[in-house]
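Just one chain follows, in the form predicted alone, and it is written as structure tokens.
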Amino acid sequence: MSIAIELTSTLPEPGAGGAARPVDAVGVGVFADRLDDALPDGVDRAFVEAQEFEGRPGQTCTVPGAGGRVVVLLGLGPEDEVEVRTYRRAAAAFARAAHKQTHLAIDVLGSLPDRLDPAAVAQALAEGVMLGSYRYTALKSDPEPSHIESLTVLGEGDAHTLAAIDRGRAVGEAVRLARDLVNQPGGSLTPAAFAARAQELARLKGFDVEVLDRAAIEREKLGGLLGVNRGSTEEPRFLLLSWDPGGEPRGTVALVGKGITFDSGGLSLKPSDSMVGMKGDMAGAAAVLATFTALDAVQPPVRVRGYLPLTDNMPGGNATRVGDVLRIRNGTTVEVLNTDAEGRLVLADALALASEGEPDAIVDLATLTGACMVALGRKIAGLMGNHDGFVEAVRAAADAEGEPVWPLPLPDEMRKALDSEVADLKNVGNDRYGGALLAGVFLREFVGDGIPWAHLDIAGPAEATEDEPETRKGGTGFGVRTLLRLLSTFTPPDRAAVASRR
């Protein structure tokens, strides 16, 4: 669904003709500590109090309006605590409250605190409406879609603000794409179907994609991907994505995304309840692909390269057996002692291949471990890496976008837990403790020497279990906004500060 978004200084009168677009619902921002000052003319304070509206962030109150319009009060919290992301949340809540309306307008720019950039807030408003209006209805016989077709942002603006609105719409569309991919069943979003979708998007969105089929994957010696794929009737794919900026690039960033289109656990078969949601085990690949679709609109000053290994993990007759040894792209051999620890095997190939391009930094995203969810819950991603400064840059980007992450260590002493009697490494340790950290230590083995690298374990926040203003149950598109901000502000890290392996 496409939503038209425009900026104008005045709200069209009800029934206005000409080029003016009719407005069915108006969202008005309200600070919690200035409630009396912010209520629009004609809005009854007693009615608002009866609805228990207090102006809390994300809170809404729909009130009778004039001329047939719906008026929705949008809580922003105390004025001195408002941030740019507060407005994204408010716009998302507005879209949810007014989803049965067609043409919306939002009035908040005129009352911004001086410390906030109007263009940044305008971008957040566009993103918020795109996110709040999202619904996955492709497989519903009788869907209840959002009816929103347009948003009018009220306020004075220049070309900078207009460009920010366009960026916000592009970012919102990218997040929605990632959600669609995660929500699509694994039986239809096969590796081949994912690759075909990427090719279609590349033509539309201005980036390049090369698709490696099984024969090409074999030639490239991507043994981790081939090993995970052995039990499947669906052929694997490996996607190489590339995008270059218009001007002189500051450097090159490689993005790696885990693309397990369905994870049964392989011969280390998951219980049925644990398979629920495993169609979303490709959320990392979805986030990377979605990020590429917004690059032309956002125009970060860096080259961006993407590496997406795609397969499902099934227990077929030729599936990798416990105790089998796989040879990864960089020549490292791995003894597979748990076929349900498959994500790190396909990422090993991708990280090794990405490292060969000598990028200035690598970021990988993966729904990698349940252990990370045990440690951090469902809404916070684990963040690890080999370069403190680059890890902090990723964290700063995530914090700015309201996608919470928390740094976790990569203890050198855990490396010995991966020693194998028959191969260079084994893919799991000897016990269940520190699983998220051990997976990070494993991945670090496949990052080229001296290359700054950050790993995001998004197993928790990639899928929501309840509705919130910016998300619905199902895929969240977590990581897309973080990556786009990181790329936009990227400065090559000092390679001398990369932590050495011991």
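Being a predicted model, the structure only gives us computed values, none of them experimental. We number the residues from 1 along the sequence you see.
We do not show the form predicted together with a small molecule, though everything after this point is about it.
- The candidate spot formed by D349, R415 and R444 is out of contact with the small molecule in the predicted bound form: none of the three has a heavy atom within 4.5 Å.
- For the residues D281, D312, E403, D364, the 4.5 Å heavy atom test against the small molecule in the predicted bound form is passed only by D281.
- Proximity to the small molecule in the predicted bound form, taken as a non-hydrogen atom within 4.5 angstroms, holds for one residue of D107, D180, E335, D340, which is D340.
- The stretch in contact with the small molecule in the predicted bound form, judged by heavy atoms within 4.5 Å, is 255 to 263, chosen from 238 to 246, 138 to 146, 255 to 263, 197 to 205.
- In the predicted bound form, at least one heavy atom of K270 sits within 4.5 Å of the small molecule.
- The small molecule is not shown here, but in the predicted bound form it comes within 4.5 Å of a heavy atom of M373.
- Using a 4.5 angstroms limit between non-hydrogen atoms, A459 touches the small molecule in the predicted bound form.
- A residue is said to contact a partner when one of its heavy atoms sits within 4.5 Å of a partner heavy atom; R344 meets this definition for the small molecule in the predicted bound form.
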